[in-house]
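Below sits a lone chain in structure tokens, taken as the form predicted on its own.
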């Protein structure tokens, strides 16, 4: 779906070079068929409800595609919630998480009659009850538990250890029960967890499943009707060609072994897994220089376009859009931003490049455009969705003038 034909890079049946003839770089390109196939395989193998984690890629077209495929939505802000609803996701297939929900966020979620609000603190549970009493409405909630499980992944994307800010420590369940006992407008129908991203270790999944089953039973024994058990996301994604692929069949076997005989619905909330490998970032070489013996390729994309390498030291494969027989040279691929961390890759071997050549950064469908900024007053990238032999612009950034015009100068400064 994203491959080379006759030494030229294609997404489905569309040449990247043909897109670049009409659209300025940098731009993101997503494959409709790759997203669809990944979702369908995941849904079929795990045989559970899939709630797309909107934070991975919040473009309306991507959310709409997920909804048409049958996915619900996992949102973590009022903005993501509004995006999901506008994109056509049924409110009853939306769950609202996040450690910092304001009164405004909670009221909006209640008004939209979403499936449930996942509570992430004792304080938040009390706040929801107060709002529900004021509105005289019963509110469906879930409890996001912090199971204190190490996802064995990067610390910066760990969310399930006791020292992380997410979820409610399972040691505090008695506090939860005390509040629920006196909360007349709270209807507890679900439990959830999410311990981090890029999980490949099957033992970690086994630990999550068993811990969540045990905690669900505690609530059931207390008389609560747990309808939904959300097992989080974090399914590992390959960013290198030779990496071992996550075995979904083995995860399913662990699920069946653990949850055999239970009556609640199981769900997952993947984001990265569904879209990361379906996207690429295309950028142009604007300068070639040598400093201190290092060959730099300076591209028009930078950390403002794609921040993962600067933020996480993430490693993405980078290639030329057109394969050539030119001499191989070791390059450091860097952006134009005035920050020393604006580096995509160091010491990468590529055929000799020229100014205006197109370069592709692979597997950028997740946490790419959604984390882009206007730093240095630069524009964010265009987004494009490819379906078969057609491409569609699904996001057009503000022009520099439009961006500047968002600033407001007080009269006393004129």
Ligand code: LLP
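Positions refer to the first chain, counted from 1. Keep in mind it's a predicted model, so treat the numbers as computed, not measured.
From this point on, the text means the form predicted in complex with this ligand, which you will not see here.
Mapping the unseen interface onto this chain, residue 144 counts among the residues with a heavy atom inside 4.5 Å of this ligand in the predicted complex. At the 4.5 Å threshold, heavy atoms of residue 234 reach this ligand in the predicted complex. Residue 312 belongs to the set of residues with a heavy atom inside 4.5 Å of this ligand in the predicted complex.
Although the partner is absent here, residue 367 lies within 4.5 Å of this ligand in the predicted complex, judged by heavy atoms. With the partner omitted here, the stretch from 27-35, 367-375, 381-389, 349-357 that lies within 4.5 Å of this ligand by heavy atoms in the predicted complex is 367-375. Think of it this way: in the predicted complex, this ligand has a heavy atom of just one of 127, 211, 93, 308 within 4.5 Å, and the residue is 308. Screening 304, 228, 194, 115 for any heavy atom within 4.5 Å of this ligand in the predicted complex leaves a single hit, 194. In the predicted complex, this ligand lies within 4.5 angstroms of at least one heavy atom of each of the following residues of 43-72: 53, 55, in sequence order.
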